[in-house]
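Before any questions on how it binds or moves, here is one chain, the form predicted alone, in structure tokens.
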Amino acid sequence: MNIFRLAGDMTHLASVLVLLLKIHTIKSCAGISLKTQELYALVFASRYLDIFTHYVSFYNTVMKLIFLGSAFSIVWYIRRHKLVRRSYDKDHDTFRHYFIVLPCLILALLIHEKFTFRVVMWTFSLYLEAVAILPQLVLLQRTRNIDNLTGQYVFLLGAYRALYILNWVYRYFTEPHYVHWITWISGLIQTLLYADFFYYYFQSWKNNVKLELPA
């Protein structure tokens, strides 16, 4: 554990809390992509298969449970909650997210560190997480209606991955033989997908105007 890893985890946790705050208090999921939330639920389900068989630390187990529980509860809220589901923008959230699941799985079967079920699924989760934000970004570009909580959620989600890159750089220079190309490349691709959003987010903050993405 180092300061960058901790900051990344806390930023990731903050993004989830912001989204849950929006859904639970306002009873609205306007501007939130169900497709992205379903992809994240699949990411965590495939990544944390060892949650009850491989103990690392109390902190590690708690964080896994939080991300698993929050991911599936958000999907449930958008799909099943009688008030929240009414605000879901189904007409604009049309990204065919299942088309990116199979390529990620095939890539994980071909490129991995070790050919075991758990490692392949862990690798699959890395590839899928790298592109899971795409339906959300496409939805925001289509609607151009980004409220403060939605903007903060996406920003924090991108910031978490950027902080993890700093964590990897730190560990590369402080830990011997620390090389994980699959994790690094996946994380870099994921961060680059946020670049356009980051630009417009900072522009809106700098000029104190409503956040809008170009169509």
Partner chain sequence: KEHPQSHDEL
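Keep in mind it's a predicted model, so treat the numbers as computed, not measured. Positions refer to the first chain, counted from 1.
Keep in mind that the form predicted together with its partner chain is not shown, yet the notes after this line are about it.
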{"query": "Its partner chain in the predicted complex: contacted by all of Ser28, Asp89 and Gln136, heavy atom 4.5 Å", "finding": "no"}
{"query": "Close approach of Asp50 to its partner chain in the predicted complex, 4.5 Å, heavy atom", "finding": "yes"}
{"query": "is_contact(Tyr164, its partner chain) in the predicted complex, heavy atom dist at most 4.5 Å", "finding": "yes"}
{"query": "4.5 Å heavy atom contact, Lys114 to its partner chain in the predicted complex", "finding": "yes"}
{"query": "Proximity of Leu149 to its partner chain in the predicted complex, heavy atoms at 4.5 Å", "finding": "no"}
{"query": "Per-stretch contact check against its partner chain in the predicted complex, the hit in 164-172, 149-157, 186-194, 31-39 (non-hydrogen atom, 4.5 angstroms)", "finding": "164-172"}
{"query": "Stretch 51-88: residues contacting its partner chain in the predicted complex, 4.5 Å heavy atom cut-off", "finding": "His54, Val56, Tyr59, Asn60, Met63, Lys64, Phe67"}
